[in-house]
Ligand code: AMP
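Below you'll find only one chain, the form predicted on its own, shown as structure tokens.
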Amino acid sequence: MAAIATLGSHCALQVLKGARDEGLRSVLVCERARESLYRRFAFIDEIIPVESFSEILADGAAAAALESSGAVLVPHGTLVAQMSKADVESIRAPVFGNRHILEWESDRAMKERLMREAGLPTPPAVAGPAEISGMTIAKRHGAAGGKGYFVSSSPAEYEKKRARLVADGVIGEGEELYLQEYIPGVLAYLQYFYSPLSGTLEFFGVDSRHESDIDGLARIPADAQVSSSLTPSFTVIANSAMVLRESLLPRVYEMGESFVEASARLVRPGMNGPFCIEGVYDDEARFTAFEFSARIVAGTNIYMGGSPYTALVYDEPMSMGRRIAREVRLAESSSRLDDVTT
């Protein structure tokens, strides 16, 4: 029987608990510095200790151990943040979902192309610092978790804030940043699962994120904000559950289905498994998508016992981690494991 493996960070506990709930073995690739944390949980059957996650790559010290475990590797944000396209392609173990689409998440130009191919309304990109004429957000490439993001309204403000973050070591001296018009509104991160086995899309939940130190700045008086020399960033610290107005759900499903269809056209075999469309609702309840994540997101951790939306589909607690494990189990039992892995 197949096992489920993942890297020890981000949402590993949810993924491996989901494997146990579905009767599958669970395998954790764990940096030794965090091993004591994961030893606390009895549902983790096997731990492969490493000094660095790069040891699972083709020529790495842990590659053979991962491969011999017979596990399907579930990717999450740490893999995207720490590994290049070539790194991900070199992993010999089967990867759940579509490993090729992770590059599209990491590259801002490719990401924007896929969202537009899906017909998602997106904020206009800003060509460069000299073109900033209104509120603009600067973002790093890849899965940075909001670290190093900042907002500016003019070229001079941009250069000042960038220089401060470079001096603090938050971003690199020559690091390229992606500029995008900042859209105010209610942030919402829409969580989905697409099953190639059944050809169906499931809406799993929605969350909001608590970001430091932009959230903390909003809690102090306006005059103190103006006088502060702080360059607030958007590092994600935690997530909170949300429930959307029911009238918004038709559009939620439409966007998810359009994204799945566009992914199948641009990067075969498409967007299989979990993904997230990330954006903001304006005062007319219109959604603008500024990001997507082509794998499980940490916001699903708040629904380890299921969400208000999974309760409408399943008569049992269903986390995203368990849903992944169920897809693997069903695929294996029907000799279709190749349809859910790459």
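Keep in mind that what you see is a predicted model, and the values were worked out from it rather than measured. The first residue of the shown sequence is 1; numbering continues from there.
Below: the form predicted together with ligand AMP, not depicted.
Legend entry - Partner-facing stretch of 187-195, 247-255, 86-94, 71-79, counted where any non-hydrogen atom is within 4.5 angstroms of ligand AMP in the predicted complex: After filtering at 4.5 Å, what remains is 187-195.
Inset, instruction - Identify which of V260, I171, I183, I132 has a heavy atom within 4.5 Å of ligand AMP in the predicted complex; exactly one of them does. - result: Checked against the cut-off, the match is I183.
Legend entry - Of D45, E291, E31, E55, the one that lies within 4.5 Å of ligand AMP in the predicted complex (heavy atoms): Looking at the other structure, the residue within range turns out to be E291.
Legend entry - 4.5 Å heavy atom contact, K139 to ligand AMP in the predicted complex: Answer yes; at least one heavy atom of K139 falls within 4.5 Å of ligand AMP in the predicted complex.
Legend entry - Non-hydrogen atom contact F203 with ligand AMP in the predicted complex at 4.5 angstroms: No, F203 sits far enough from ligand AMP in the predicted complex that none of its heavy atoms falls within 4.5 Å.
Inset, instruction - Answer yes if any heavy atom of Y158 is within 4.5 Å of a heavy atom of ligand AMP in the predicted complex; otherwise answer no. - result: Outside the cut-off, so no.
Inset, instruction - Indicate whether G146 is a 4.5 Å heavy atom neighbour of ligand AMP in the predicted complex. - result: Result yes; G146 sits at the interface with ligand AMP in the predicted complex.
Inset, instruction - Pull the contact list for 266-280: residues with a heavy atom within 4.5 Å of ligand AMP in the predicted complex, in sequence order. - result: The stretch 266-280, when checked against ligand AMP in the predicted complex, contributes only E278 at the 4.5 Å heavy-atom cut-off.
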